[in-house]
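Read the single chain below, which is given as structure tokens and is the form predicted alone.
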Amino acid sequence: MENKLSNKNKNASQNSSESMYKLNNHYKRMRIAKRIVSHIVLIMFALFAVFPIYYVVITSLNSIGSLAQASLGDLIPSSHLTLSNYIGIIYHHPFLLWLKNTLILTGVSTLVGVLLSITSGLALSRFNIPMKHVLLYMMLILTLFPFTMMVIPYYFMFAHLHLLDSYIGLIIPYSAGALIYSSYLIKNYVDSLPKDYEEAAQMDGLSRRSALFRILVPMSKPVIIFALLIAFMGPYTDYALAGQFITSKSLYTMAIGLYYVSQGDIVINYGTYSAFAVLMGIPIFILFFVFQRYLVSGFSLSTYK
């Protein structure tokens, strides 16, 4: 009787161990299958995201006059790749002048807009301003309107002020655009900071203003850098406003130069267009590469409260 019970126990333990082994193998196969499927999906999304960049770079290295001349073979690197498009842009056009104009215009408008947004963001967060909620809602509504809607009103206004075809005529609207969005962004970030830090600084002898600028501004460094990057992108890539305000070739920006260089006799020269786009994207790539950790953290702060 005892032998029968022991045999039954042995058989039961063997069956349970076999079932557990099969179950573990099943879960292992499921994990491997899920990992393979997830990697395939991620690779497909990565190719989908990288292909436009690859297409622009490879097109800039080909002597393609228009899209009608392009073929699938042009997308494959070969010995026919050339730097003639880049050489033509740099040596046959005032590319460095356009780059200097763009950096001056973009740098000044970005600094002015973000510096003003720091003071306004701190004020909206820490001071009891009359009708503050109305002002915040107005700022939020203004950010919803596309910037191109303001081209015609800006044009007539600055034409009366004789500010067309000048840096100042572009710096003012660019700075105003950066001020509205960045102020709301900085205000939301400062709201999340406890008031204990500035109160402790005031107890140590700092004034209210010194406590704000010496304590809150350094603590708000991630959102300020994020605001600088976003404010830089607008003027740097804008054509709608700059193309209407600027008429002198000596004041052309990169966006206007991109349009000017890529125009052929009948169709757009996409090889030159792509080469100019690559050159124009290098400063943006450098900025985003240097400040990428602030950019990633800033995207999580860009939602409105």
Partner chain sequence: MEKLVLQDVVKVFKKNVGVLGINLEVREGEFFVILGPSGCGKTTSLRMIAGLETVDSGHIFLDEREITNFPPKLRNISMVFQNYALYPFMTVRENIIFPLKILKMPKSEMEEKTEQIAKTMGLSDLLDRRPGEISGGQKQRVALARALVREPSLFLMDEPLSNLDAKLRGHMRVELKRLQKEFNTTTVYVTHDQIEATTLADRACLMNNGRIVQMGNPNDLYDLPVDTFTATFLGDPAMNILPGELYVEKGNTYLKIEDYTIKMNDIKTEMEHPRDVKVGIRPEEVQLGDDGIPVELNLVQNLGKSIYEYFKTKNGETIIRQDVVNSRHVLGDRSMVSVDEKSLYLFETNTGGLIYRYGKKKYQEEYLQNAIN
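Numbering follows the first chain given and starts at 1. Note that the structure is predicted; figures quoted are calculated from it, not measured.
Below, we turn to the form predicted together with the partner chain, even though it does not appear here.
Novice: Whether Gly205 contacts the partner chain in the predicted complex should be assessed with a 4.5 Å heavy atom distance threshold; does it?
Specialist: Contact with the partner chain, yes.
Novice: Looking at the partner-bound form in the predicted complex, is Met219 within 4.5 Å of the partner chain by any heavy atom?
Specialist: Flag for Met219 set to yes.
Novice: Would Ile215 count as touching the partner chain in the predicted complex under a 4.5 Å heavy atom rule?
Specialist: Heavy-atom contact with the partner chain at 4.5 Å: present for Ile215.
Novice: Even though the partner isn't displayed, in the predicted complex is Leu83 close enough to the partner chain, meaning a heavy atom within 4.5 Å?
Specialist: It does not: once the partner chain is placed as it appears in the predicted complex, Leu83 has no heavy atom within 4.5 Å of it.
Novice: Which one, 141-149, 157-165, 194-202, 110-118, holds residues whose non-hydrogen atoms are within 4.5 Å of the partner chain in the predicted complex?
Specialist: Careful reading of the contacts points to 194-202.
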